[in-house]
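Below you will find one chain, with nothing else, as structure tokens; this is the form predicted alone, and questions on how it binds or moves follow later.
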């Protein structure tokens, strides 16, 4: 079986390594082949950008060479796909090379698009890249007081980041002695503080305890950078001294260009992780690239990749799949600089966040180091 993995992020890397381990004998015998096509020779641990934005990590701590993370049996090409010829079961890369496949795994991820809201890119800070996270820290470190407005677009990568970044900034400025000079104004697009109802029930009292103001049903329409003003689709206007955003996201441009899914998100079966439609027998979709109504989180990508890899190996060995993805997600929630909790849920069981504590924060920080073993398929 010729397996082509498009995308070298968390989902693609964990999937490829997991399959390589399960099909080690078939790979040695030439009965299977795994090829990864990616846009970068670097692999980034994206949840770490929050810590860069708070001055607690540096970008180099979050990067590894992609080749160093892959099983030696996987053929890596830093040559991004430009054309998906699904009917003919091949892809064409930027170099013009054609890669034929029996099974295609698309794990191209998502990207922030603050430019889609007038004025947002110019006025706001966020932490979805090294450059943006470093700029975030510069602005936060120079902040001397005023109103910090937090706005959230949907969908977005990492479901807990609006809460985490608010709690983290609160502790950062408290340590600088600016609590009495700072007002936090948290907004959210729907009628509660978070899309997950039980997470919102936990978060709102925490915000109230810290004096963080909340406004729901706030869908950002435009920003007036010159006057420090944000306007919502609902007609609200809020002044700010510092605008922090979790911008809306889209799938990668190549997915949109190839018309594989609206806004770059590919229609995906929630259990099999197969592409919905005529190419279901030959295309699997993982991570942020799916259109599944679940959190776009690293753990989502991880659990999907494991389920898909187990099924692919079983197909090669026995001719049929052996499991379904159950919607499992596990998200740490940083509740400040030294406390954390978590949300664990799936398609049928909602999250039940507990009171934050130092032990869970320590666990989260340890996982930041253990991630590299996870990416290699060792955890």
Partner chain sequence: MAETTLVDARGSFCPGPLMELITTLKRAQVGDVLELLSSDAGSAKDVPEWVRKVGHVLERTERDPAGVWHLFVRKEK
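Numbering follows the first chain given and starts at 1. No experiment lies behind these values; they were computed from the predicted model shown.
Note that the form predicted together with its partner chain isn't included here; everything after this is about it.
Only one of 90 to 98, 212 to 220, 172 to 180, 129 to 137 places residue heavy atoms within 4.5 angstroms of its partner chain in the model of the complex, namely 212 to 220. Within this chain, residue 154 lines the site of its partner chain in the model of the complex, having a heavy atom no more than 4.5 Å away.
When contacts are judged by a 4.5 Å heavy atom cut-off, residue 345 counts as touching its partner chain in the model of the complex.
Interface membership of residue 159, defined by any non-hydrogen atom within 4.5 Å of its partner chain in the model of the complex, is confirmed.
Remark: residue 294 counts among the residues lining its partner chain in the model of the complex, judged by a heavy atom distance of 4.5 Å or less.
None of 109, 119, 261, 248 but one reaches within 4.5 angstroms of its partner chain in the model of the complex through a heavy atom, and that residue is 248. With the partner omitted from this view, the residue of 195, 282, 299, 83 that lies near its partner chain in the model of the complex is 195 [heavy atom within 4.5 Å]. Taking a 4.5 Å heavy atom cutoff to its partner chain in the model of the complex, the one contacting residue in 267 to 291 is 270.
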